[in-house]
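This document opens with one chain alone, in structure tokens, the form predicted on its own.
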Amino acid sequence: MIIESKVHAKNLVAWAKEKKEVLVLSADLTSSTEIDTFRESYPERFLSMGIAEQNMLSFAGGLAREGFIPFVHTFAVFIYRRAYDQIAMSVSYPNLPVKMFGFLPGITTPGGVTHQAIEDISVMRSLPNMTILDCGDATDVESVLDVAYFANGPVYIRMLRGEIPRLFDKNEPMKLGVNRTLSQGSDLVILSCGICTEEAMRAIPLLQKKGLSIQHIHVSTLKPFSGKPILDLIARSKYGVITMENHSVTGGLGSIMAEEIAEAGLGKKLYKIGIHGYAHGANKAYLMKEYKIDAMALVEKIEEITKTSFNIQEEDLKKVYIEPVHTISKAEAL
């Protein structure tokens, strides 16, 4: 597997070169959100707003009214928890093109509950006019800029930073409302998003060797959600669908599918793998295992569903890259 470093930092500078209307806003987390190189390259298009997220989102709304496209950068929790009212009234209600890049989604940070955005999809998808995108690898991180830029109105992006894997072909970019089919099968449909897609990819080849026919789909557009093609696959499946997400089991991908299945009247089972309750601080790999959103959790869930023991152990799974907490690609542990 190829591991890329500071993908957003490198890509944003080249991508934004001729887009003079794109302004980048920081809430005093410039290097931590990989926009220090943008600041150095285009200082006249960079705005440091300080630790004042509510003001930053209102200001971004004002910039958008004047014809600019603000790219707001901070940790995800500081976007939707601190500035929800400003997003609702100054951005979402007037349907303005403010693009919000939320870093450290879910349990991708050792910072504990104050820094872990585990309910952001739930909160943000309740806002009218809001588009929600979730990045799963380096290709998603690179191509999400175009998707966000051309999407009508406000966009919230669950962004990755530091050292991240390239799971998908660089020449097959993210597209709004289009899911990636990673494997095909009729026994079970697995929907994964964000960093959980890599975990599913660690387990699925082994499960297929054990005789399971698995349809694996990576979902990057959580709103608007393209349900019809997925519902058709679920309807034809033997066991139903598993959702797998780096988010609370309430309000995220699992809840989206529950709504879709209920509205379609499908008599198929839904199983949700996600975060139950709050998490503590530790490295990503440890937390994914501890809170059961990793490859082994998927194996165990499928064993439970199929009432079959596949005799798969942790050491049998594809190895996962463990990113050091402190590296040159990240300014600090949080």
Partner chain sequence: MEQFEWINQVKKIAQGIRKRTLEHTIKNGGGYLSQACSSAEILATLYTKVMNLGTVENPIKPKPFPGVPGAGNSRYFTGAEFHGARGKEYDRFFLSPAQYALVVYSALIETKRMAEDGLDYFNKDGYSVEMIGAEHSPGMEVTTGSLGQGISQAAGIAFARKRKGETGRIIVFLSDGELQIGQTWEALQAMAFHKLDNMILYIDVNGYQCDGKMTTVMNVEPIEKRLESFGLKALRIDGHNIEAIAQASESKPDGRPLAIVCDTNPTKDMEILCDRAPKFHYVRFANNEEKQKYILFSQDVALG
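Owing to the predicted nature of the structure, the values given are computational and were not obtained by experimental measurement. Residue numbers count along the first chain shown, from 1.
There is another form of this protein, the form predicted in complex with its partner chain, and it is not shown here; the text below is about that form.
In the predicted bound form, at least one heavy atom of residue 93 sits within 4.5 Å of a heavy atom of its partner chain. Its partner chain is not shown here, but in the predicted bound form it comes within 4.5 Å of a heavy atom of residue 55. Residue contact check for residue 9: none of its heavy atoms lie within 4.5 Å of its partner chain in the predicted bound form. Interface membership of residue 280, defined by any non-hydrogen atom within 4.5 Å of its partner chain in the predicted bound form, is ruled out. Of the residues given (41, 48, 31, 308), 48 alone sits with a heavy atom within 4.5 Å of its partner chain in the predicted bound form. The stretch that touches its partner chain in the predicted bound form, counting heavy atoms within 4.5 Å, is 64-72, out of 31-39, 267-275, 64-72, 289-297.
Taken together, the three residues 80, 130 and 255 all stay farther than 4.5 Å from its partner chain in the predicted bound form, as judged by their closest heavy atom.
Residues are counted as partner-facing when one of their heavy atoms sits within 4.5 Å of its partner chain in the predicted bound form; in 6-43 only 23 qualifies.
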